[in-house]
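Only one chain comes next, encoded as structure tokens, the form predicted on its own.
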């Protein structure tokens, strides 16, 4: 009887083990870990801080830092798509929280469910509920968030403002009043860089024009892309472009930031990785070496994006990847990475004493502002829309036709299932 009972117990335990998600990792990890991201150059030190922490915990693992350069991941996403569709996924890859993750890789059943890892690490209570919803579906949680970035930030030089006798504009009307004065001085009012930064600028201008309710309605399919409200946003964007630099297409976002710092331009609208660049690379002090404020007409609104890493199905070194994800989600990892990156932690319990004044202000705003998702950085729309929107932007930059751009977006939204 005892032997029979023991056999039943063994069978039950074996069944439980087979049915449980296989998250537990080996004690001594060896082999390789390929990390795929677009964090190179000035964003590299932040990634290296995470890799150093991983190596300290897993000294026998060889880390392959497979970065593909290109701001906002425009080049990396194309390479990743080829590898994923070709059955050669990296061990873990960078992906924006939101539709870039859910509407692209989760929808095509390419990711592993990380819910067991979240429960094991106690992350269900550590990350904001709203953020977890952006990386999850009713079937699971699909990535580990590493940061929160703000998209709608206007950067400027306090010293140059004083020299030119102007103040940073809180509204676009204020901007249009001082922009001609700046042009008369030979100063570009608003620095712009290559194509994706035009998408970035557009979303801040559109948010200002539409307001947060209509912005959310747009991505929920409740406001049409060819509506008068959206046409008006394109019209405002076209007017803003009149005060940008003619050589934008040839510049990186860092070079556009440099234009502001050396006085060739007055303002730049860029995500707060620009703060990371100015603090980490340029060694400037927030509030003194550079100033910041919400982009015009978006005070009280926080357009956010979050970088995250997932575990693709078929990852060659799965255990090593899970250990990597544990570093990313840890408080130690988060507070080592974000102060260098120019972002705030995705965790609710980060140590703000490690963050500079800009990041402290961003953390405060994130807690009280109306939060909306970024288009340019993967929160609001899936890969189909994002890729197509880049073509719409190229068309608009040549034609400056708001109605044509709106109609093209409406067709694109239909194709993308919005």
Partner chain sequence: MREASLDRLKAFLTLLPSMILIGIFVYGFIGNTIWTSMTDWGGTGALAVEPEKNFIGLQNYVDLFTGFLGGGFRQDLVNAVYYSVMLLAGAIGLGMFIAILLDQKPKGEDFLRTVFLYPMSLSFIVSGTIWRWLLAPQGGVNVLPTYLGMEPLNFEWLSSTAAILEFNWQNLFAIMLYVVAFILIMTGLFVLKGDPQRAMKRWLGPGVVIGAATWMFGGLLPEALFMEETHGFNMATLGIIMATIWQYSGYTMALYLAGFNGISQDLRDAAMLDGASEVGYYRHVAIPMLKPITISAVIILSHISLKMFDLIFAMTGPDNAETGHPALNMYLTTFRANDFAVGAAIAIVLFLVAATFIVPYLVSQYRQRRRG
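Positions refer to the first chain, counted from 1. Between two forms, the rigid core is defined as the largest C-alpha subset superposing within 1.5 Å. Just so we're clear, the structure is a prediction, and the values are computed from it rather than from any experiment.
The form predicted together with its partner chain is left out here; the points below concern that form.
Stretch from 39-47, 351-359, 382-390, 364-372 whose residues place a heavy atom within 4.5 Å of its partner chain in the predicted complex | Stretch 382-390 is the one.
May I ask you to check whether residue 244 falls inside a 4.5 Å heavy atom distance of its partner chain in the predicted complex?
-> Residue 244 lies outside the contact set for its partner chain.
Using the partner position in the predicted complex, report whether residue 104 sits within 4.5 Å of its partner chain, counting heavy atoms only.
-> Heavy-atom contact with its partner chain at 4.5 Å: present for residue 104.
Indicate whether residue 124 is a 4.5 Å heavy atom neighbour of its partner chain in the predicted complex.
-> Residue 124: no, not in contact with its partner chain in the predicted complex.
Flag residue 317 as yes or no: does it have a non-hydrogen atom within 4.5 angstroms of any non-hydrogen atom of its partner chain in the predicted complex?
-> Judged by the heavy-atom cut-off of 4.5 Å, residue 317 is well away from its partner chain in the predicted complex.
Would you mind picking the one in 239, 81, 222, 331 that has a heavy atom within 4.5 Å of its partner chain in the predicted complex?
-> Residue within 4.5 Å of the partner: 81.
Partner-contacting position among 299, 281, 181, 108 - heavy atom within 4.5 Å of its partner chain in the predicted complex = Contact residue from the list: 108.
Establish, in the predicted complex, whether 29, 336 and 347 all lie within 4.5 Å of its partner chain, using non-hydrogen atoms for the distance.
-> Checking in the predicted complex: none of 29, 336 and 347 is within 4.5 Å of its partner chain.
Contacts with its partner chain in the predicted complex, stretch 236-266 (heavy atom within 4.5 Å) = Result: 246, 247, 249, 250, 264.
Taking the rigid core as the superposition reference, indicate whether the CA of residue 267 shifts 2 angstroms or more between the shown form and the other one.
-> It does not reach a 2 Å shift.
After the core is matched up, is the C-alpha of residue 206 off by 2 Å or more between the shown form and the other one?
-> Comparing the forms between the shown form and the other one, which are aligned on their rigid core, residue 206 does not shift its C-alpha by 2 Å or more.
Relative to the superposed rigid core, does the CA atom of residue 170 travel 2 Å or more between the shown form and the other one?
-> No; residue 170 is a residue whose C-alpha shifts by less than 2 Å between the shown form and the other one when the cores are overlaid.
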